[in-house]
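In the form predicted on its own, a lone chain appears below as structure tokens.
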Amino acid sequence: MTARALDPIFSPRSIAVVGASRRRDSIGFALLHNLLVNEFNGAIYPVNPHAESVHSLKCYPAMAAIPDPVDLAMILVPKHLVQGAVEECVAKGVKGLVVITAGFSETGEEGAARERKLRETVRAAGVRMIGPNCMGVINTSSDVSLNATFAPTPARPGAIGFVSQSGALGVAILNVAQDLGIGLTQFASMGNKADVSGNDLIEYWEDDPATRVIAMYLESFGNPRRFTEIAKRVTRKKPVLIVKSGRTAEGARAASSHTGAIAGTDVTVSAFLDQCGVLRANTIEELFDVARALVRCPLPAGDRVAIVTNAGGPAIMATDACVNLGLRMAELSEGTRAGLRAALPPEASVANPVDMIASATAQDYARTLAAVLDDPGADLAMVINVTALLSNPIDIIEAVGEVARDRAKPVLAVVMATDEFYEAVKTARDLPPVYRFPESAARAMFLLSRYAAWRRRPADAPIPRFETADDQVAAILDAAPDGYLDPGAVFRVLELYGIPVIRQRLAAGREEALAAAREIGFPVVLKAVAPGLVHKSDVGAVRIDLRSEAELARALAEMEGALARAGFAAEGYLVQEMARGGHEVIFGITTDPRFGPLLMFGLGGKYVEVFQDVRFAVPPLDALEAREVVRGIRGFKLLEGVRGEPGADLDLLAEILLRLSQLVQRHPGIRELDVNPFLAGPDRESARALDARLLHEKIVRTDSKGG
């Protein structure tokens, strides 16, 4: 798509409304009404063979009857007439289409067939189309003044480009934006995305100077890999903010591995978004909270927050919210605190949060905020005001705004005031973003800080490559039937990829197991190998710390009985050296049917699915991304070492992630891999994989002739 391919849709000089209607309760009436009352800066041509005029405009019986060129056609006719209407528009030379009409792929195969034909028609003609099954488009620029929707609420001018996959939710989005006083540059309801997609719109807004933030409501990704490629580039220039529905575990596929069981579709989406710098909001309200901060604030240099308040309770709530999100409380210098002591009443608190007490005036707010922002230990600030009887919150926020404009640090305000105050700030200019509650402001600050950290990261970091025995790995996978590899083969694959593994021997029965234990040396670990046996500890198929031949023989007999009771028949046993110390972690690979392979790292062991302290990433990874995954789990401090115990070799853990990233890219037949537990010691020599399982299927390759 060329950079301006969507101009006929968003900046048309003339519009035909195909299906314009005189009926006040119809979409054809509402859309034409919005074009007129919004004072579209171009010609409007209603098309309806059964009317001579609509809204006092001359009506044309067909597209061919319009005497002038038409840039954009809005299609609102019944579904069985849409194809013909589109063909008329193509013949007329129209370059942009918005198909409002529903009844296509969202209704089943018959509708999907209609949609495919529609897409083939417009693409063959080089025409761009939004829809079908959408609510229209908006461009608030005074040069265009386009409101080609049937929404009852107009959009006010602003700096946010918004795309909604849902038409109904698009109406709600415009309502919320109006209520919050938030302005848009352009708006599009994509509907079924038969032609124009969210990827197209991100690219269209990429270099638009008026659009400073790109916001999206999505229900699905049409081309996730293409989205990632575009978003990684665009987020280096401006923020992309998304609300993605479909977060529940019910949408995840069933999987037998720990990695697959934890990784649902939503986890996959979050991993993709994280790695391309896209910010994710949980709700539409949160999206607008964050968007306001992104539009009005500079990016912070770090994540250290200072709080300035006239009330202790909200400041405590704000502190809790910031810390729980991962922001740090700023340490104000002694010089800053001394200056505040001299300027504020003796009852004030000059630590962070700075509590000026309830009598604080607008001048107190300005002086205190200036001192806090000038402190090199603070990266961003939250200003809280609980309206007192003798103060005017508008005066306070205006004073705060003046200070914030003079400094390159973001300031967000929390004002607990009446609705009259919020009505007044809707139209006020040059004010910081204002929130009703500290938690909303804290979430916005967190994502603002997160986006700033993404922008500071080096772009296009190289992907590490390792010398690995890929021919031997391929031979192992090709020789095995589809399904789980036998344990010996799995450990061999790990060894060939430079991943340290425990010393072990595969034994066919009792005597071989005893011989293996003597070779390895007691104590040992015993694990059963049986078809279909995945989670060994669930059925008593693991025994540890066996210290003699007698203990091993007894464990073999007991294990055989336990397997029989669980419906398994042992094909053999793994005898492994007994490893001690270190930290149990898990490495994993799973495959999402749309997004492809996904990597996982976290605290491991048999409780991994209970605690779910894991992070996911999408290959390929660079070295920084791998380190961030390792450091991103909640229990990272355990890996650093606590209470005198040694920490793990963190560089090795990141390296293993990079090696697994290379493994799954070079061997796409790997569907799932669990390395759990991996014993992470203080150095490479003490680290090793204790257990692993690998699910694979052969990839059928065809030549160009389809053979």
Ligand code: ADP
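One rule holds for the numbers: they count along the sequence shown, beginning at 1. Everything numeric here is computed off the predicted structure, so don't read it as measured data.
The following text describes the form predicted together with ligand ADP, which does not appear among the structures shown.
- Remark: of stretches 355 to 363, 313 to 321, 558 to 566, 527 to 535, the one touching ligand ADP in the predicted complex is 527 to 535 (heavy atom within 4.5 Å).
- Although the partner is absent from this view, residue 677 contacts ligand ADP in the predicted complex, with a non-hydrogen atom inside 4.5 angstroms.
- Among heavy atoms of residue 687, none comes within 4.5 Å of ligand ADP in the predicted complex.
- By the criterion of a heavy atom within 4.5 Å, residue 576 is counted among the residues contacting ligand ADP in the predicted complex.
- At the 4.5 Å threshold, heavy atoms of residue 544 reach ligand ADP in the predicted complex.
- Residue in contact with ligand ADP in the predicted complex (any heavy atom within 4.5 Å), chosen from 584, 331, 486, 512: 584.
- None of 431, 603, 502, 490 but one reaches within 4.5 angstroms of ligand ADP in the predicted complex through a heavy atom, and that residue is 502.
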